[in-house]
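This document starts with one chain, in the form predicted alone, laid out as structure tokens.
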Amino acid sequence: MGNINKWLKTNTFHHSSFSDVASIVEEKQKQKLKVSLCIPTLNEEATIGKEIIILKSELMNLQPLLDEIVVIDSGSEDNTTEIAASFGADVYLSKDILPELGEKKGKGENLWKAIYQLEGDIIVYIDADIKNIHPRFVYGLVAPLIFNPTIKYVKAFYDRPLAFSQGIRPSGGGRVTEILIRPLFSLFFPELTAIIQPLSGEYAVRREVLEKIPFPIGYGVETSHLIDVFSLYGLEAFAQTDLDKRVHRNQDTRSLGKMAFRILQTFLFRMGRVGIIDKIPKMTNILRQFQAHDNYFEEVLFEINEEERPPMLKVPQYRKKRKLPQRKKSTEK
């Protein structure tokens, strides 16, 4: 508990501490760092334009904190990509990045391919459905990395009952966080319970960290990141920033059930990887749900496989692009 309490005091920030964006830019330039923003998308035409307009005007044109804004799309059927491109983002289809490795669908796939496509020393991930977008969603996450070289991974949180000068803001945690992730972390990774919103889609990470860890292709990606980075570097590598409030689209309970199923697949696999469980039993990949009708319940089956992409450092194309020496092929039979 002592370690957690100390970390909460030293590594938890409020975005208002970093509102002087010019000072962040000055330190960024002094360190000769590049900062890239990745927005993963799938049918987000209602909000993507506003996000790009605000972040580009405030954090590229007015203050050059961002060196690039990139949208990586999973195959939107609406006008997401056209809108994003028209407002000045660099837009890529996920399937066109590393096409020789095949196409996989999922948010985690987009985040993984961003490591290959983007140039930044720091990569910021922002979800595309934020209705109250503000520059703090970027500078509040980037600043701790720029000002503190020991921090490697910064998570966002919002709407939490923390006391500040304005008083205490009442709120509740996300449903999957509070009924699944927090209990699991409490049982097996208690130090990670210090992360207030572990499933937030907004975070900034050093490239040197992202390229070392595997990426589940779906919703398990945030949970896997926390466990893997914690296993590599410990709690002190993390920080978190309060962004006050995030307004976005809520998912229904059935969708959250599918999300939880993916996260559990990822979590149990990691339990084996870090040695908490000796052998992972064979698990079904079928999620059974029921749809209520007037006089009967319809059984609905979903086949869900939370596959993983390897650490980017193991991808030959990435090593070639980054001018890294190629890995030697194993001679073991």
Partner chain sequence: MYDSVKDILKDLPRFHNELLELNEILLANLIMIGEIPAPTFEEEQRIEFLKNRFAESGLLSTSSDETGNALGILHGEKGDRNILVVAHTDTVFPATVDHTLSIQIDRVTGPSVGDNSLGCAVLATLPKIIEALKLPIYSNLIFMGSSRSLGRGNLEGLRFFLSNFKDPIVAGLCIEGVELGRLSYTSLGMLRGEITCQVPEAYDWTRFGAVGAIVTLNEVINKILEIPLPRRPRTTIVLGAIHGGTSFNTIATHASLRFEIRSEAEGMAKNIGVEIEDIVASVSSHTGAEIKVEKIAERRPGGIPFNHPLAKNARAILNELNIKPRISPSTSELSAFIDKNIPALTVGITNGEHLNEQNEAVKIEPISIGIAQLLGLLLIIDRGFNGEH
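Numbering follows the first chain given and starts at 1. Predicted model, so just to flag it, every value in this text is computed and none were measured.
Beyond the structure shown, there is the form predicted in complex with the partner chain, which is absent from this document and is the topic of what follows.
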Check your understanding: In terms of non-hydrogen atoms within 4.5 angstroms, which of the given stretches 30 to 38, 296 to 304, 261 to 269, 50 to 58 touches the partner chain in the model of the complex?
Key -> 50 to 58
Review point. Of the residues I286, A292, L62, V274, which one places a heavy atom within 4.5 Å of the partner chain in the model of the complex?
Key: L62
Check your understanding: Among the candidate residues I126, V205, L199, I83, which is the single one with a non-hydrogen atom no more than 4.5 Å from the partner chain in the model of the complex?
Key -> I83
Review point. Are any of the heavy atoms in F87 no more than 4.5 Å from a heavy atom of the partner chain in the model of the complex?
Key: yes
Practice item. Indicate whether the partner chain has at least one heavy atom within 4.5 Å of a heavy atom of T177 in the model of the complex. Key: no
Point to revise | 4.5 angstroms heavy atom contact with the partner chain in the model of the complex for N132 | key: yes
Review point. Quick one: is E45 in contact with the partner chain in the model of the complex, heavy atoms, 4.5 Å cut-off?
Key: yes
